[in-house]
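As a starting point, one isolated chain is supplied in structure tokens, in the form predicted alone.
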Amino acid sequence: MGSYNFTRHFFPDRGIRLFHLKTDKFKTNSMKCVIPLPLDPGTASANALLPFVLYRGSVDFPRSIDLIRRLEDLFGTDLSVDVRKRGEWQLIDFTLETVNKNFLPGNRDILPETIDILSGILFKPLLENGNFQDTYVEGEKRTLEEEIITLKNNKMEYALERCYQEMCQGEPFSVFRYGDREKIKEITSQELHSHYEVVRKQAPLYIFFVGNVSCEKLKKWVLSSFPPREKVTEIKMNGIEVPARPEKIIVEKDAINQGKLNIGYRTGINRKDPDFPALLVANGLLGSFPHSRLFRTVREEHGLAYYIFSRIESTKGLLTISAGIDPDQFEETIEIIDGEWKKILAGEIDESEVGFTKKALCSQLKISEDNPFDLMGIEMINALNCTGQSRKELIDQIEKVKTHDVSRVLNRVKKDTIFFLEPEEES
């Protein structure tokens, strides 16, 4: 396993935290500029709309086609934008990928130019009478509304999102990453620009970089491109609470043929918790791999699920089990899932399945070294969770997890919500 540890640098006068990894493994230089904003139903829709309007037009590139042509001139540089959600943070995410100078004619270094372009999009937006252009705002509002509608068409992801909403009702995590469709319709150009001014002045900027560029050069280019800012608000990691309340079952009907079952659990564990490696192993043993318990019992042995898997939201401290089932097999499926859970709690675990799970998890982490965006994604999650843990450290901790640790950590996990999306004709 190579040495893939980021160095971290803080520039308080610009509100920038820079995460740098120098490597000659890739032919490209990859960068992520992430603006972490608190998830809030009052601002989530404006946060989601903002980056797409910024991308649509800047002082240097008033039209999208102007930007596209310039990026093509820079040897097909790729610049994309999206909005994500991690824990109770909404992340505005600009991703930049350029060819490294060693693979360009005359060793031309285009990275400084592309960093300038990105900074211009963020800090020099195209304005009309002091506000964003109405045509751009209205166009991006329609596109964002369509993205929200698209979620409803992806029944598996929609059911998971609805489970989160019901499970975390009244908590920031219940807010969808693209906000609310009705609120998006109401946003005006003036309101969005006023919101932008707050974000521009106060929101921190996290920059992640993977490529064959020295740290000193990168710092020089970032500091020359990004303007000074005052009163930037640092993000703070909230504690994870596990509410003491009875389990609840929510059933929703839709025009589908296959039922979508989601079971949500509260782990109370994030990446800073000493039990996090054991939780990873427990989740892997439960439902992340083909050898996992739920795949073998629910799907292969009993033939009850078209798909079944479990996943962790490590920043919020949640675990979910998702399955596609026939509606009339709802109770039987839950009974078998609960049965497997109880067996693990009772220590009915083979050493071999724990060993397979640890190898699979370590293999996933090692494979991440082959993708710069995976490397940056892991580092971003670590930054949001205020931990500097490296992949090697996490692998070492996973390898030390014992069978009894798996049972012990699942004893900390509490079932919270069962959400079932069933066909409309079923009762």
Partner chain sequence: MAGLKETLLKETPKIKEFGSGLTAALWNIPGYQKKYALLGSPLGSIHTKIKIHGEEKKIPEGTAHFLEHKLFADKESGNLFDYFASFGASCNAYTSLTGTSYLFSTSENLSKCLELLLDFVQNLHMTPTSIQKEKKVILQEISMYKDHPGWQVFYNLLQNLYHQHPIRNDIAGTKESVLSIGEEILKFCHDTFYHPKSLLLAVIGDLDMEEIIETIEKNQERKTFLPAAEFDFVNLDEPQEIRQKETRVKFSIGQPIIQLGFKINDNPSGGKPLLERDLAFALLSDILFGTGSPAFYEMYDEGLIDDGFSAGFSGEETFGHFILGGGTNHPEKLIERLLEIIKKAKTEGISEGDLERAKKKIWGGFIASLNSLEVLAGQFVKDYRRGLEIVDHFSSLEGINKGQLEYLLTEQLEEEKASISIVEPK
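Residue numbers count along the first chain shown, from 1. Not measured: the values here are computed from a predicted model.
Separately, the form predicted in complex with the partner chain exists; it is not shown, and the next lines address it.
Listed stretches are 321 to 329, 238 to 246, 115 to 123, 220 to 228; the contact stretch with the partner chain in the model of the complex is 321 to 329, by a heavy atom cutoff of 4.5 Å. Checked against the partner chain in the model of the complex, the residues 185, 311, 291, 342 give one hit for a heavy atom within 4.5 Å, which is 291. The partner is absent here; in the model of the complex, the one residue of 369, 40, 396, 60 having a heavy atom within 4.5 Å of the partner chain is 369. Contact annotation for residue 79: none of its heavy atoms lies within 4.5 Å of the partner chain in the model of the complex. Among heavy atoms of residue 69, some come within 4.5 Å of the partner chain in the model of the complex. Contact check for residue 25: a heavy atom falls within 4.5 Å of the partner chain in the model of the complex. Under a 4.5 angstroms non-hydrogen atom cutoff, the partner chain in the model of the complex lacks residue 131 among its neighbouring residues.
Although the partner chain is not shown here, in the model of the complex the stretch 297 to 322 places heavy atoms of 299, 300, 301, 302, 303, 304, 306, 307 within 4.5 Å of it, in sequence order.
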